[in-house]
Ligand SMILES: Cc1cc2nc3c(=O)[nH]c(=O)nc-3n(C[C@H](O)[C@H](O)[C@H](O)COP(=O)(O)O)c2cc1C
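This document opens with one chain alone, in structure tokens, the form predicted alone.
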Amino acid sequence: MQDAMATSGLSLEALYTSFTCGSLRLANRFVMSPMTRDMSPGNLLNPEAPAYYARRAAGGCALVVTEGTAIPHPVAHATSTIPNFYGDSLAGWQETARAVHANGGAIFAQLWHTGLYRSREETLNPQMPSIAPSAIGEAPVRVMTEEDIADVIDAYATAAANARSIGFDGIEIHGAHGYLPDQFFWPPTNKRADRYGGPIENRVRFAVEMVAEIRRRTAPDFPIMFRFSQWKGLKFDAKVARDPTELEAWLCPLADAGVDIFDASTRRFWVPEFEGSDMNLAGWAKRVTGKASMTVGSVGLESPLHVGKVSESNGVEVSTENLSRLVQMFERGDFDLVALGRIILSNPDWPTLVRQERFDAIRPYDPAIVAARLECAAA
């Protein structure tokens, strides 16, 4: 598979330069993207997790972002197999941080609350209704009061403080793909008439207050990353921001509140976000906020993600063709970090293999890797 990337003379070395953000120091620009695994029965962290994440750090990912973890709120979980980031799971997460550090990497915890998308039959407290900005659809949902909003913000901040106390290098808030913060952002899931609904400056208020409280409860130099997206669940044509002006109104209040890095979740990193420019969403996030940004979406793969979970993906072939475009976009300053998703599951040492131009050693993504729990196997 030694293709155009290997013969064009274009170097990837720019992506192996160091990066600094607050207290964070990274040896290169490659990041393990957060990927939900559903492998923590009873919401307790799987004992294999330290080795799984450490393997990616050893393989060249300077930063590891964990799978989604539930904040300490009674209806935050999606299912009973999503790990907590509190209570009995913290010891395992502390071990995970130590393992990643021992292999030369840094680690962020991805914190989430599922809101509308909680599966009540398969998770904690099934007798309790889910909470959300507004009642949408037929599922039993309780519309959040301002007291609920304050409680959830406190839970996010508690989880972030936990992360810092057990040695994590930062946190990521999952504010994309229809999770709770995103339910506030997107008008179809936010029908509120109070100060948390209506225009974008109101719809972003919940997340802004959350970020500010996390900043208050951690430290001025503790990195906060925020994952956001235009698309929601499997609704790939959704848009919160229709142009750069609307994106600025959405993201700048978050930057002012304390977000250091914007994780712009897209399915294909090379696709332009707005008409009249070839910049992607990460490029626009960096331009309008002045903050660092991270790109993601089919890096090193031929076909984009068309399904809800990485374990359901198939027919995805390895390619290095799009890496030329990746380097060009990085060198002109569109983004600062590059997140690797499915390619890093099959190839824990993908950053090392690519730097060494060992393209023939890169394996296609195989969903059996997730299903059979073979993630910790050596490449």
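Numbering starts at 1 and runs along the sequence shown. This is a predicted model, so every value here is computed, not measured.
The same protein also has a form predicted together with the ligand, omitted here; what follows describes it.
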(Q) If contact means a heavy atom within 4.5 Å, which one of 139-147, 185-193, 292-300, 215-223 is the stretch that engages the ligand in the predicted complex? (A) 292-300
Q | Interface residue in the predicted complex among 114, 110, 230, 96, criterion: non-hydrogen atom within 4.5 angstroms of the ligand | A | 110
Q | Position in contact with the ligand when the complex is considered in the predicted complex, options 45, 54, 35, 337, heavy atoms within 4.5 Å | A | 35
Q) Thinking of 174, 177 and 341 as one candidate spot, does the ligand come within 4.5 Å of a heavy atom in every one of them in the predicted complex? A) yes
Q: Using a 4.5 Å heavy atom cut-off, state whether residue 351 contacts the ligand in the predicted complex.
A: no
Q | in the predicted complex, residue 68 touching the ligand (heavy atom, 4.5 Å) | A | yes
Q.
Given that the ligand is not shown alongside this chain, does residue 265 nevertheless sit within 4.5 Å of it in the predicted complex, heavy atom to heavy atom?
A. yes
